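Next up is one chain by itself, shown in structure tokens, the form predicted alone.
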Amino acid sequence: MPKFTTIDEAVKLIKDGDTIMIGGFLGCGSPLKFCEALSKTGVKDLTLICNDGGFPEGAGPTGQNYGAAWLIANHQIKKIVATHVGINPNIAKQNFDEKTLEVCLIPQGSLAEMIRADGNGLGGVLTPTGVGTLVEDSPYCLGKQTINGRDYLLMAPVHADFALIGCTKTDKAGNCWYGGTTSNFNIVMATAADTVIVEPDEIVEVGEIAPEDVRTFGMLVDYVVK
């Protein structure tokens, strides 16, 4: 059974130098309140694995930092592994101008499969995506193989200390349901981290989520934040 706690208590679990995954796609499905709270702790030198860097202040649906953008704005991230960072100019500024942020870009489908591979105990992912591009030079590319005359890249599994995911409903056993497209990276990330922290929009009684609607099982969840 997961532990139910407050966001203020849960953010204390994350320490300097940890690797964190943050679910979401442009903030949709991200643990928004948790990201903001973590930005106020002063924790630093984090490695962030995510789809994107969220929306910076002045953009997006709220006009303030949105999702992972809180942590990037506060220079708490030393390395970001992502698929698309163009909507957050702070990433380019910290990478090219300030030289304070390492950026590793991975094709979106490849990153999702690399996370899934770790969660399922696989040694890597063979994919044709990225052959002949800079992806071959990525530290996550373990080499190239030719199968039936076609070249593939062997991409390493991706693991984190913490997976921070947002969902629509969590029951009191930790089972999670995601509304619409909020599932995105959350489902695979919940399988590929030492500690999984869930921020639901709503906490419900066991049985209120139909078994066939459970997308992340409670046995994967360590903490649920209220």
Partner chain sequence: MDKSEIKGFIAKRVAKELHDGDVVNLGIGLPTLVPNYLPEGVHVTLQAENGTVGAAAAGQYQPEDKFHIVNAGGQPSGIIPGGSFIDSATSFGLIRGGHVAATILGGLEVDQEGSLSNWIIPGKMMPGMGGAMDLLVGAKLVIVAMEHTAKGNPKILKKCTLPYTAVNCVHMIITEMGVMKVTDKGLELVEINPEFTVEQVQAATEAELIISPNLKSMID
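Predicted, not measured: the structure shown is a model, and the values here were computed from it. Residue numbers count along the first chain shown, from 1.
Form predicted together with the partner chain: not shown, discussed below.
Is every one of 127, 150 and 187 within 4.5 Å of the partner chain in the model of the complex, counting heavy atoms? The answer is yes; 127, 150 and 187 each reach the partner chain.
Quick check on residue 133: any heavy atom within 4.5 Å of the partner chain in the model of the complex? Because a heavy atom of residue 133 falls inside 4.5 Å of the partner chain in the model of the complex, the answer is yes.
Wondering, does residue 106 line up within 4.5 Å of the partner chain in the model of the complex on heavy atoms? Yes, residue 106 sits close enough to the partner chain in the model of the complex that at least one of its heavy atoms falls within 4.5 Å.
Should residue 141 be classed as touching the partner chain in the model of the complex when contacts are defined as heavy atoms within 4.5 Å? Taking the distances in the model of the complex, the answer for residue 141 is no, it never comes within 4.5 Å of the partner chain.
Answer with yes or no whether residue 179 is in contact with the partner chain in the model of the complex, where contact means some heavy atom within 4.5 Å. Residue 179 belongs to the contact set for the partner chain.
Heavy atom within 4.5 Å of the partner chain in the model of the complex - residue from 37, 43, 28, 173: Of 37, 43, 28, 173, the residue with a heavy atom within 4.5 Å of the partner chain in the model of the complex is 28.
Can you work out which of 191, 195, 168, 64 has a heavy atom no more than 4.5 Å from the partner chain in the model of the complex? By the 4.5 Å criterion, the partner-contacting residue is 168.
Taking the partner chain in the model of the complex, which residues of 92 to 116 have any heavy atom within 4.5 Å of it? Heavy-atom contacts to the partner chain in the model of the complex: 92, 95, 96, 103, 105, 106, 107, 108, 109, 110, 112, 113, 116.
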